[in-house]
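Okay, here we've got a single chain as structure tokens, the form predicted on its own, with questions on binding and movement later.
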């Protein structure tokens, strides 16, 4: 594994997806235990997509699951599809089935978006209210999640912040409904300011189809993709990549600066 630097971020290039999942698990445990030690609890926002499954498998294994007091960890989701929780496409539903149910997290520590399939706008407002109450926020404040996990799509989107969508312009809300015309769906997503107020943001990216965009994201001077807006104000930004996703970035030589 190589550790490099780009755009105020730490970049770790792993030999394969297994090493990436292992490294991600170590980081999650380090951040989680640090938060519990400092504040008595930890708040994590999970991501959707296929890549988190690698992380869930590792964290749920015997080698890792016993290293954290999961009873002190609260789980949210950075974006959600407008489907019922028991639907196979639900981000939080998948996390619950594949990971959370295996590590004994108390029910009161689980914070899914409620009824996103029935009224996305109302669901986004309700989720925002729940987050405000959990973090005891006053008007205008943003939550400080201990860790927000994210992936990146081939089009440079993260969470459900897709190119040319209205949510990219949101400055006040914690989370909003977002119409993604190219997919003909509405999703619920954290806003950019919410992500940028986190104490830690960690991306996991794999696959050669993301290599070109990823290089532009990590070393480009022009903002072309939604993910380039993610730059925590006072937190840490980390990218975990497999070699295939990192190939163009490594060829550029930028990481050795």
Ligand code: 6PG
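Residue numbers count along the first chain shown, from 1. None of the values given here were measured: they were computed from a predicted structure.
Form predicted in complex with the named molecule: not shown, discussed below.
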With a 4.5 Å heavy atom cut-off to the named molecule in the model of the complex, the contacting stretch among 117-125, 94-102, 138-146, 74-82 is 74-82
The listed residue (211, 47, 191, 200) that reaches within 4.5 Å of the named molecule in the model of the complex by any heavy atom is 47
Check your understanding: Is residue 175 close enough to the named molecule in the model of the complex to count, meaning some heavy atom within 4.5 Å?
Key -> no
- Message: Contact with the named molecule in the model of the complex for residue 157, defined as at least one heavy atom pair within 4.5 Å: yes or no?
- Response: yes
- Task: Look up in the model of the complex whether residue 153 has a non-hydrogen atom within 4.5 angstroms of the named molecule, and give yes or no.
- Result: yes
Partner contact for residue 51 in the model of the complex: the named molecule, 4.5 angstroms, heavy atom: yes
Taking the named molecule in the model of the complex and a 4.5 Å non-hydrogen atom cutoff, the residues of 173-193 making contact are 187
